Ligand SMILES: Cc1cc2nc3c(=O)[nH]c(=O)nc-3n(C[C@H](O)[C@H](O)[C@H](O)COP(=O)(O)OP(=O)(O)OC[C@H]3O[C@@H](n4cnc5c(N)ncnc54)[C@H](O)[C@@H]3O)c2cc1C
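Just one chain is shown here, as structure tokens, and it is the form predicted on its own.
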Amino acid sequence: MSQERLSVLVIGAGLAGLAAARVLHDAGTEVRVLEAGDGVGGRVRSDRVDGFLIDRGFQVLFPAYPSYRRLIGRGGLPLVMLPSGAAVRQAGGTSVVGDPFRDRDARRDLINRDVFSAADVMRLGALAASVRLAPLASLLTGPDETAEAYLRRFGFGERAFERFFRPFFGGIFLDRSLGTSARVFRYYLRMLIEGGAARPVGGMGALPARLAQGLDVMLQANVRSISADGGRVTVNLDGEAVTADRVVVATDPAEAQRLLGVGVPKGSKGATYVWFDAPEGVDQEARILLGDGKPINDATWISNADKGVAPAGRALLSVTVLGTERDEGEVETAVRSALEAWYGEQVNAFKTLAVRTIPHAQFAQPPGIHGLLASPQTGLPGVWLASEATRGSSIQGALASGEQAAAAILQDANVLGRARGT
């Protein structure tokens, strides 16, 4: 390998790196992907545990993502669509929030006004219309503020904030304070309205697996350093090196900063996820369950929407606890206590499958975040950055960053080819 000189090397087989490699490969460019881990996907992976299929964190896919549609296509990945709306868990029971015209339970609970007042329902309609009717690009431009400030300008009551907005969007952005940029909030609300939420059949790991099909991927390849000289880029691995005409660095922001010295957004958002093996039928709800954050922010009976993730007769429950400060054993105990308030003694039959703390699930995206994003161009000639750090911390951001880096390389190659007369 040390004698090889490749056209393009991609460092990192997460979504950004795979998206870049996919675009380059499909354009006829020789490309190899180097991945330090034992599989593709980065943070978007699925594992088999005692016959259950669990993801590395609770994740969903918005099929309306433009990059997903370009890279995969509408029919390219079998999806399980998740029910729209949410179920708000309270001491007295459950209230459903959703489309009252399509969902009988949502219509019932709308009348009871457990979450939204009559005035709030009108405000929801105004919010949805303002986001849906605006040009998509405009949602990410203009003056910025927090998502909370933006929603308060619509006049929503405190009950709507505490029972719906904080847990629902807090789960998306890992921030119950709703301190996320209103630009980012508007964009992802639009994605939800246009395409809903889904999970690939076989778990979220099916997405990177599909992107990686047919690619040259080298696993457990630890990159120590990168240098550029004389029109070529050298990537130093453990005890050997490989050269390439161009390199894409598609690692997490911290690793990209180590390798390239580039400035990346600061402030990681993390969470702890607890997965349970439970008897089938404890709860038939397939919607996301919204908690009060003490400690459960949200929970989902994954197997109620996708039977294939659990063995016959069993159910898979995922619980999200925001933050990473608490010991995993302490988190599990607190989650079980909260679940007992929901399900009573049935919780004694729940078996813990896994407790996983993910310190960096995404980076903070406060108002003004777009001015803090890194450039795909780096200080090294022939080296490009493909990372959530360039486009935003989400599946869409990662995929789009890979497309962006690949497009730059293809354009660069075309310009160079024309200059050489080839």
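Remember, it's a predicted structure, so these values are computed and weren't measured experimentally. Note that residue numbering begins at 1 and tracks the sequence as displayed.
There is another form of the same protein, the form predicted together with the ligand; it is not shown, and what comes next is about it.
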Open item on the list: If the cut-off is 4.5 angstroms on heavy atoms, which of these, Ser67, Gln59, Thr378, Thr29, is the one near the ligand in the model of the complex?
Closed with: Gln59
Task: Candidate from Ala160, Val223, Val88, Val184 lying within 4.5 Å of the ligand in the model of the complex - any heavy atom - done: Val223
Open item on the list: So in the model of the complex, is the ligand close enough to Ser46 to count as touching (4.5 Å, heavy atoms)?
Closed with: no
Open item on the list: Please tell me whether any heavy atom belonging to Ala13 falls inside 4.5 Å of a heavy atom of the ligand, as the geometry stands in the model of the complex.
Closed with: yes
- [ ] Using the partner position in the model of the complex, report whether Pro367 sits within 4.5 Å of the ligand, counting heavy atoms only.
- [x] no
Open item on the list: Even though the partner isn't displayed, in the model of the complex is Thr251 close enough to the ligand, meaning a heavy atom within 4.5 Å?
Closed with: yes
Open item on the list: Among the candidate stretches 123 to 131, 346 to 354, 243 to 251, 194 to 202, which one is within 4.5 Å of the ligand in the model of the complex when only heavy atoms are counted?
Closed with: 243 to 251
TODO: Spell it out for me: taking the ligand in the model of the complex, does every residue among Asp277, Ala315 and Ser318 have a heavy atom no farther than 4.5 Å from it?
DONE: no
- [ ] Just give me the residues of 19 to 50, first to last, that have a heavy atom within 4.5 Å of the ligand in the model of the complex.
- [x] Leu34, Glu35, Ala36, Gly37, Gly41, Gly42, Arg43, Val44
